[in-house]
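The form predicted alone is given below as one chain in structure tokens.
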């Protein structure tokens, strides 16, 4: 088995991996290998600007098609966890949302031990990742690869939703990613010329002809090549054959909150007792690997309505970032959707509208563990949804906010009935409804968190503790999930990781 040699090896060509490969290969003297288990492209639906088109990609060739273990907090439900398996990763199959969330989300990281990781420190990297025309250049990017903006003219229903939020007391914002983020704003998306723009389109496609950059698709990482506690590279499979790639500088994992801890544990880096139970030789005992797994949890109120979406594709959508209580940081995100959402993302139909509400700062935590030592076996995913009773209470506050908005005149005048949970339900009924309908918002994080304590997996420079030659830069390093969909945050994490590795932001 022959080995190839590179300066950097990046595992995973999702959002973070595309950023890293593009930035690290800017130096023509730096040899970069990017490994992606999926293919170079996917179904046509992957390019559509309609977020609901993502439903059609679940279970397709571009989806890892993960699922959770049965969740006691949601009445034993097993939740589908679609994750992108294609160049661009989950940015190629997600809802295309570009939202940073509230600065308090990032300042909380530093308070949890991620020294130097706060909103002020990340702001330059948010700006570097984006082009947001017409926004405040002090806080928004003007020449970054990801082009972001508000979609077409909002529908009458979307305008009514925005006005309903204002009448309910939520501050209208000119820019939901601007200096103020708590209130109601128009949701920004990554859509260019009517087509989805994923991280591969923005960062990597324009530089694929660099002679120092190699992108290998269909390349499934099997394990890290460890020499004691030093990572020398990656063993991976392509078309049934096994290959080895060695890194003269470093190997960087960018396989996400599922893929990165999974590969660490397959390589003997993780909770020692768990690895030994599965016959994996321990290279570095790191008890925090695969711990701290959590995700936004969401539900929705659904209304009948006589309104029909305007022709010509999706328009602007209103969103509200709010607080579950006066003493909390903003921890609820509400979104108005011109469709009748079915429970737990089982579909969406016309003839209705929905107010989706999500808990942005869940206290519940779970684990990712190996199912077996076979690299082809999916890991066991237990996010522990609603196992902390505080989450149910705060989600119930989100339900109350959503129903209040639905009863506000601009929306109430357009709706004909509250289909779910129904107008005449008690507080106990509402909590039962939440247990029966709560599900993922597709933003798992935290399984290789930044910190300095014994359960941290990476240090503030993103180096995997107790090892050398190995770093992680993806959603897994977040100590806690931010108050927004996570793609914009992962872009910033990867931009900062590239800066750490190269020592330059030019």
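Residue numbers count along the first chain shown, from 1. Please read these numbers as outputs of a predicted model, since none were measured by experiment.
Omitted here: the form predicted in complex with a small molecule. The next part is about that form.
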#### Entry: Contact flag, residue 488 vs the small molecule in the model of the complex, heavy atom cut 4.5 Å
yes
### Query
Is residue 37 a contact residue for the small molecule in the model of the complex, using a 4.5 Å heavy atom cut-off?
yes
### Query
Any of the heavy atoms of residue 220 lying within 4.5 Å of the small molecule in the model of the complex?
yes
### Task
With heavy atoms only and a cut-off of 4.5 Å, decide whether residue 82 touches the small molecule in the model of the complex.
yes
### Region of this chain that lies against the small molecule in the model of the complex, out of 96-104, 159-167, 240-248, 69-77 [heavy atom, 4.5 Å]
96-104
### Query
Which one, 358, 90, 129, 292, lies within 4.5 Å of the small molecule in the model of the complex by heavy atoms?
90
### Query
Here the chain is shown alone; which of 398, 383, 256, 270 has a heavy atom within 4.5 Å of the small molecule in the model of the complex?
256
